[in-house]
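Only one chain comes next, encoded as structure tokens, the form predicted on its own.
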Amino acid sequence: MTAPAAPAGAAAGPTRTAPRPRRPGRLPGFEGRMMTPGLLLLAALSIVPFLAIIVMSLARVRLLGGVGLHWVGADNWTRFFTDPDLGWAWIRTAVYFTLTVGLEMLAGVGLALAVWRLARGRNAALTLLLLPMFVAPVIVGLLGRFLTDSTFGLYTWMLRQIGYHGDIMGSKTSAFTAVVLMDVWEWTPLITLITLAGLTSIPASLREAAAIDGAGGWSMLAHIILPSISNVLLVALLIRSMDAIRYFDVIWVTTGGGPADATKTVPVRLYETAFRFFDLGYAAAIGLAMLAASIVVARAFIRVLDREGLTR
């Protein structure tokens, strides 16, 4: 026996109205109010200083007798584009950037492959390799300066045993080489760590299938391993590039930009302009140019990552 049907128009029961769809990109009321103080603080800590630097780049900053700005228009930028010393500093920065990042990528990938192949003692080897990364850059610079000292430096003594009697930090080429190698020594472990994380994610079945098909060591590396971790290597390259383009600590502690400006990169020139000569307007222009260069490099890498589908 079936129950009688409800009469037409009668309510069948309590109904619920469908929730209103939220507009995409619009913060909910409560969450938005809770985030507002933090967003305002972040804006004050980033946007306000940025606008202040833009204003400083168009003025001459006076510090004696109180802080004052004298409007000079585009004079600082005209000087920026016509300063030959700054032009050479940009060239040295580009060479330093290319050498450090290139050597770190090569050494980091090689060390990661070596550690990955270890059957025993992998954790101990990785711990020893990562130690330089945890040393403060200033300490790395001080250590490098003592090791290359012309009187009692260990590296100086070792070079004298093979016939080199020059001062490492007294020659342009050797001083530049020394600061590059210090940077490589400190930050190669970072590339090793990131690369090793990518290597451990390669499926063992893929390598076994390649080995069954007769792939040798170099073929396995070129056609299986490196393509499998190419995205990880791009991320490591981006992380290291953003730091290398503005590196300052080791160079300033070891050589101070010398000898004869051989190691004076753009960050060192910026520091001298601002805090040794107190030309803050010109220093602001240099800083904005460095920011623009960093954005260009970052955008280039992000474009590659987007093409590889890693930004989704």
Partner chain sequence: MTRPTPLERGSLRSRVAAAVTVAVALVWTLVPLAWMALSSVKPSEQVTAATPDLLFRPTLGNYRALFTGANDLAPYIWHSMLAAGAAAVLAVVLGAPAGYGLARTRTRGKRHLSFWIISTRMAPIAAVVLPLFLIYRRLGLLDSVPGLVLAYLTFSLPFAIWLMSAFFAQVPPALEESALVAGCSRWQAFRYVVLPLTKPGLVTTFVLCLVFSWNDYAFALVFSGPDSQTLPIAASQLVTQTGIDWGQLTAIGTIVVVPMMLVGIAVRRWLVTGLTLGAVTGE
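Only a predicted model underlies this, so the values are computations on that prediction, with no experimental measurement involved. Think of the rigid core as the biggest set of C-alphas that the two forms share within 1.5 Å after superposition. Residue numbers count along the first chain shown, from 1.
Keep in mind that the form predicted in complex with the partner chain is missing from the display, and what follows is about it.
*Asks:* Taking 4.5 Å between heavy atoms as the contact cutoff, choose which of 221, 72, 143, 99 touches the partner chain in the predicted complex.
*Replies:* Flagged contact: 143.
*Asks:* Quick one: is residue 208 in contact with the partner chain in the predicted complex, heavy atoms, 4.5 Å cut-off?
*Replies:* Residue 208: yes, in contact with the partner chain in the predicted complex.
*Asks:* Might residue 162 be said to contact the partner chain in the predicted complex, defining contact as any heavy atom within 4.5 Å?
*Replies:* Flag for residue 162 set to no.
*Asks:* Should residue 90 be classed as touching the partner chain in the predicted complex when contacts are defined as heavy atoms within 4.5 Å?
*Replies:* Taking the distances in the predicted complex, the answer for residue 90 is no, it never comes within 4.5 Å of the partner chain.
*Asks:* Should residue 185 be classed as touching the partner chain in the predicted complex when contacts are defined as heavy atoms within 4.5 Å?
*Replies:* Residue 185 belongs to the contact set for the partner chain.
*Asks:* Go through 90-98, 232-240, 75-83, 165-173 and give me the stretch that gets within 4.5 Å of the partner chain in the predicted complex, heavy atoms only.
*Replies:* Going through the listed ranges, the match is 232-240.
*Asks:* Output the sequence-ordered list of residues from 266-294 with at least one heavy atom within 4.5 Å of the partner chain in the predicted complex.
*Replies:* The stretch 266-294, when checked against the partner chain in the predicted complex, contributes 270, 271, 274, 275, 280, 283, 284, 287, 290, 291, 294 at the 4.5 Å heavy-atom cut-off.
*Asks:* Would you say residue 291 moves its Cα by 2 Å or more between this form and the one not shown, aligning on the core?
*Replies:* No: residue 291 shifts by under 2 Å between this form and the one not shown.
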